[in-house]
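Quick setup: one chain, the form predicted alone, written in structure tokens, and binding and motion questions come after.
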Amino acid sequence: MCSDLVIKATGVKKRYEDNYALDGIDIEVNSGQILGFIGPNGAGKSTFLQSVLGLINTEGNLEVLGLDPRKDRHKLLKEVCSITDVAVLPKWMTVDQVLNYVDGVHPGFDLKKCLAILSRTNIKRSSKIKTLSRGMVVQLHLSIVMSIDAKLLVLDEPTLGLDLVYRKEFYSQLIEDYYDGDKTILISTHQVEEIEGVLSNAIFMNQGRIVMQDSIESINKKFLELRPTQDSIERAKSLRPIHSRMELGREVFLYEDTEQDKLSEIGEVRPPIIADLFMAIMEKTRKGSET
């Protein structure tokens, strides 16, 4: 396996009774990518991330850092860290006790780095976990994870339930204090608009399948949104947009593989935001399955 290849999934499936949570997933993730898994509830995002962490059995072939996540989970956990929406820390412990425990059991943990990160927060080392707010617990968990020299970080809805300030601080801290260009980060979240600025790649999922996967750079070249002038709407329609929507009383068209110069002649052109593109692709996929 190529040394730059962090994850290789081929035909990965997971079935629960009569439904496939994962239905033939093919993914290759390279070192240094920040990959966003985007999709509605039940799309299979969390199921795939759980399989990467070796928490569930799947059909097909899955390698993470050259290891089988289920058979070699004890080896894998030396190189992988994770935060999920159900992540918990012992509520009876103080912050200092948690840090000392992690320092004692994890050889890759850097206590000095963790303390430096925590010094920029309002978290007191003498406080018990049970007295911390949900946002502070997530901050503490992130500080611990960022202080472990791991090759892969898995974030499954890490900021669920946090207010806007904490969510922004979370991703800002992640990029500033953890990401170094070589580490790989997988993120699953409903707050798509908050992560698209940090993503290098995106995967759209629905009903256990991948609908689209590409780099953000390629997506921005391939897809364009047009806000035509009022007298150019019919011409905009003639250029065969793949989707249209109303925005503040104005029609917005989405194009795939259409020359930007043609669009610029009749209105304002920009790459779509990921959330809008996802909704358009979902609608296009649904219509395609109905025909």
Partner chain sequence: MITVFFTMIRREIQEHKVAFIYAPFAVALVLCFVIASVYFGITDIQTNEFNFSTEIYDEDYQEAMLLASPEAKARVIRAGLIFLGLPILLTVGFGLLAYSLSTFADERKDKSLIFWRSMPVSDLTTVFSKLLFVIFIVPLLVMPNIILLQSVAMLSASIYFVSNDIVPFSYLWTSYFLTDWFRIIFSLWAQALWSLPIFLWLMFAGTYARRPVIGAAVPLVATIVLERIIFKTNEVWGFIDNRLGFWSRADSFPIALEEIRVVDISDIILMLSTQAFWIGMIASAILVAGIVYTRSTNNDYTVE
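What you see is a predicted model, and the numbers here were worked out from it, not measured in a lab. Residue numbers count along the first chain shown, from 1.
Missing here is the form predicted together with the partner chain; even so, the following discussion is about that form.
Stretch-level contact check against the partner chain in the predicted complex with heavy atoms at 4.5 Å: of 219 to 227, 65 to 73, 26 to 34, 245 to 253, the positive one is 65 to 73. Proximity of K78, L89 and G104 to the partner chain in the predicted complex is complete: all three residues have a non-hydrogen atom within 4.5 angstroms. For V98, a non-hydrogen atom is located within 4.5 Å of the partner chain in the predicted complex, even though that partner is not displayed. In the predicted complex, none of the heavy atoms of K183 sits within 4.5 Å of a heavy atom of the partner chain. A residue is said to contact a partner when one of its heavy atoms sits within 4.5 Å of a partner heavy atom; M93 meets this definition for the partner chain in the predicted complex. In the predicted complex, the partner chain sits within 4.5 Å of a heavy atom of L55.
For the options N206, S143, T189, T84, the one in contact with the partner chain in the predicted complex, meaning a heavy atom within 4.5 Å, is T84.
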